[in-house]
Ligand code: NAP
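Below sits a lone chain in C-alpha cells, taken as the form predicted on its own.
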Amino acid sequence: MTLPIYVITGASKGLGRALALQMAEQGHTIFALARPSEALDEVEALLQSSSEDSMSIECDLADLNSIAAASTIIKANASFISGIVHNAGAVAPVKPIKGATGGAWARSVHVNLIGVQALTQQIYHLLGGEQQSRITTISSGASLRPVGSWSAYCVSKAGLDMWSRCMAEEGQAHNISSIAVAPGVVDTGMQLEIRSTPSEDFPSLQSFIDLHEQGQLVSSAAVAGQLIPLVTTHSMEQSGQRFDVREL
C-alpha cells in the first residue's frame, strides 16, 4: 500500500517544519520544499528516520525556474499527491507603501501567491481523480484587515484566500479540495523578523514586541498538532472554507 504523499512548502523551519515532521511520524510521505539550507538537509534526515521515502527538495517560490525544477523531482517520485500545504510565506518588505521598493514588494507577492499558483499548476495532473487530494493554504489575519507597512503581505494573503476559493470551485469536478487556515500568532522566524523591524518603518512594532514578552506566541509544534487533522481529513463539503486555528 502506497503511503499518502504530501508536499509542504517552507518546510525547513517554523510551522512548515513542524507539520512535516509530525506528519511523517504519523505515517505520511513528505516532500519538504524550501530554499537551500543546512536546515533543509537536516529536515530530510529527520523525515527519513520516520518515513524512508520522504525527501527534501530545494525550491525558491520567488523563482519560476526553481519551481519547475522542484516539480520535475516531485513528478519523478510520485504518481499521485494526497495533498499540498502551501505554507511558505514572506512578510518583507515591512515598510510604508511609499518606501517599499518595487522588487521587494513584487518578491513578496511572488512567494505568497504567484509561486502557489505555479507549483500547483505544475503538479496538477497528480491531484484528484479516484482519490481526494487536499490543498491547504496558510492564511493570516492580515488577509482580512490592513496592517500599516504590510501592504505586500496583506495584498498577497488576501489574494491567496481568494485563490483557495477559486481552487475549491474548480476542483469540485476533479475530487480536489482546497481550504485556507489562519494559524494564529505562531512563534516563528517571521515573528522575529517583524520584531527586528525599525520602529520608523512599522507603526505596530510595539504590539508585536508585547505579544512576545507576554508569552502569547504559540509554538509551531502545538499549532501543527491542531492543523494536521484538518490538513489530512477535511472533506469535499468543507472545500472553499477559511478556518482559524483558534476556533478549532
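As the structure is a prediction and not an experimental result, all values here were calculated from the model. Quick note: we count residues from 1 along the sequence shown, nothing fancier.
The form predicted in complex with the named molecule is left out here; the points below concern that form.
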* State yes only if every one of Pro4, Asp53 and His125 has a non-hydrogen atom within 4.5 Å of the named molecule in the predicted bound form; otherwise state no. => no
* Asked: Given that the partner is absent here, does Thr136 sit within 4.5 Å of the named molecule in the predicted bound form, heavy atoms only?
  -> no
* Might Thr29 be said to contact the named molecule in the predicted bound form, defining contact as any heavy atom within 4.5 Å? -> no
* Ser239, heavy atom within 4.5 angstroms of the named molecule in the predicted bound form -> no
* Report whether the minimum heavy atom distance between Gly189 and the named molecule in the predicted bound form is within 4.5 Å. => yes
* Structure fact -> Note: exactly one of Ser196, Gln216, Ser37, Ser49 sits with a heavy atom within 4.5 Å of the named molecule in the predicted bound form, namely Ser37
* Structure fact -> Picking from Gly89, Gly83, Pro93, Gly171, the single residue whose non-hydrogen atoms come within 4.5 angstroms of the named molecule in the predicted bound form is Gly89
* Structure fact -> Of 93-101, 75-83, 116-124, 150-158, the segment with heavy atoms within 4.5 Å of the named molecule in the predicted bound form is residues 150-158
* Hey, which residues along 166-185 are within 4.5 angstroms of the named molecule in the predicted bound form, non-hydrogen atoms only? -> Pro183, Gly184, Val185
